[in-house]
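The chain below stands alone, shown as structure tokens; this is the form predicted on its own.
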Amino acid sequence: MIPFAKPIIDHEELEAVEKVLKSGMLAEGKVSRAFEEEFQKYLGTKYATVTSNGTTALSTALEAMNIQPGDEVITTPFTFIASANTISMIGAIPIFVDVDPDTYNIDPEQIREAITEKTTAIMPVHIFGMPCDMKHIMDIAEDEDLMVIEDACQAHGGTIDGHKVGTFGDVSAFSFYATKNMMTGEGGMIATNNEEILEKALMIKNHGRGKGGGYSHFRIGYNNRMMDLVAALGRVQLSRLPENTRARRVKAIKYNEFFEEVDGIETQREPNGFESSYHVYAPRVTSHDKDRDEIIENLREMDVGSRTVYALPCHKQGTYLNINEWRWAEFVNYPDYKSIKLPISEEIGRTHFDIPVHPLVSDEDMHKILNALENILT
């Protein structure tokens, strides 16, 4: 079976971890500081700080932005549920708007229509590594005096006109989960050019401690830190990221060329000047003559890993259909998510399927995958 995801773990990763183990200093420290410096240099931001995972990167950043209970944060429903949940965790309200059918990303015009007096922020998600229309989104944010947090948890290496995603908003969050384009098993990163947001995030993620550390605490905080053991993996993975992004894009281009000749299948489209990092390659079925679930089953029978990713968008998940059971519902008036209809997100959820695009897919594997697709679809 050719897996749909496979982490790269080589001798460099093993040596980096062994070095930290032998040092005896496993908690967040010098190696994490080096990882932060290298990551912010790679991105081109002034600041970066590690967290325990992508979810805590988002939740810590939202709290550092001073998002309050009852505030509305506009986001996409077509994403991993952590994007919406981190908004709900702090008592804010996720406002879902629909996505663009070509990019699968949040539709800026629908963002503008959803803004109310309670809106304080926008959370675009660069889904599957495809950059959102950040220029349009930032123009809206400036017009309406809103903050922007980029959920870049799937988009390490994606660019818009040569500028890396995670550098457009007030703050951004990345995940280093085991399947991501660069991984540490679990882990996350907050990036920003805003020193005030950074200082708040540093306290929030570390029990409310100030710069000096120790046992002086200045606000309610959490233990959202990263271990140096994990950061050691991140440093090696970051060094591989440019090459691995190119490898993913080469495979994606081959898939794009193949699907251009196949009726009834549409691919996620890159606008001019946008470069996806292709965390996931997920075309969708647009013909009634083809059955998405049958395609997945047939691919698996031919030893090609395939699946749906977000078949059920966030607003259709039980979490939001039953939001009044959430503890903040006693104090916050949530929308009736049961009545919300977002047809494009729902349609992409019903029709997309994932095929392997990671760097360890060999030329032989690509030949096998394309042959399988040809047999199934043509």
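Quantities reported herein were computed from a predicted structural model and do not represent experimental measurements. Start at 1 and count along the sequence shown; that's the residue number.
In what follows, reference is made to the form predicted in complex with a small molecule, a form of this protein that is not presented.
Novice: Quick one: of Phe168, Tyr177, Tyr255, Phe274, which gets a non-hydrogen atom within 4.5 angstroms of the small molecule in the predicted bound form?
Specialist: Contact residue from the list: Tyr177.
Novice: Could you tell me which one of Ser88, Thr245, Ser83, Ser306 places a heavy atom within 4.5 Å of the small molecule in the predicted bound form?
Specialist: Here the answer is residue option Ser83.
Novice: Within 4.5 Å of the small molecule in the predicted bound form, counting heavy atoms only, one of 266-274, 232-240, 149-157, 97-105 shows up; tell me which.
Specialist: Of the options given, it is 149-157.
Novice: Using a 4.5 Å heavy atom cut-off, are Ser59, Met203 and Gly221 all in contact with the small molecule in the predicted bound form?
Specialist: No, because Ser59, Met203 and Gly221 lack any heavy atom that approaches the small molecule to within 4.5 Å in the predicted bound form.
Novice: So in the predicted bound form, is the small molecule close enough to Gly54 to count as touching (4.5 Å, heavy atoms)?
Specialist: Flag for Gly54 set to yes.
Novice: Is there a non-hydrogen atom of Val125 within 4.5 angstroms of a non-hydrogen atom of the small molecule in the predicted bound form?
Specialist: Taking the distances in the predicted bound form, the answer for Val125 is yes, it comes within 4.5 Å of the small molecule.
Novice: Against the small molecule in the predicted bound form, would Tyr310 count as a contact residue? Criterion: heavy atoms within 4.5 Å.
Specialist: Judged by the heavy-atom cut-off of 4.5 Å, Tyr310 is in contact with the small molecule in the predicted bound form.
Novice: Does any part of Thr192 reach within 4.5 Å of the small molecule in the predicted bound form? Heavy atoms only, please.
Specialist: It does not: once the small molecule is placed as it appears in the predicted bound form, Thr192 has no heavy atom within 4.5 Å of it.
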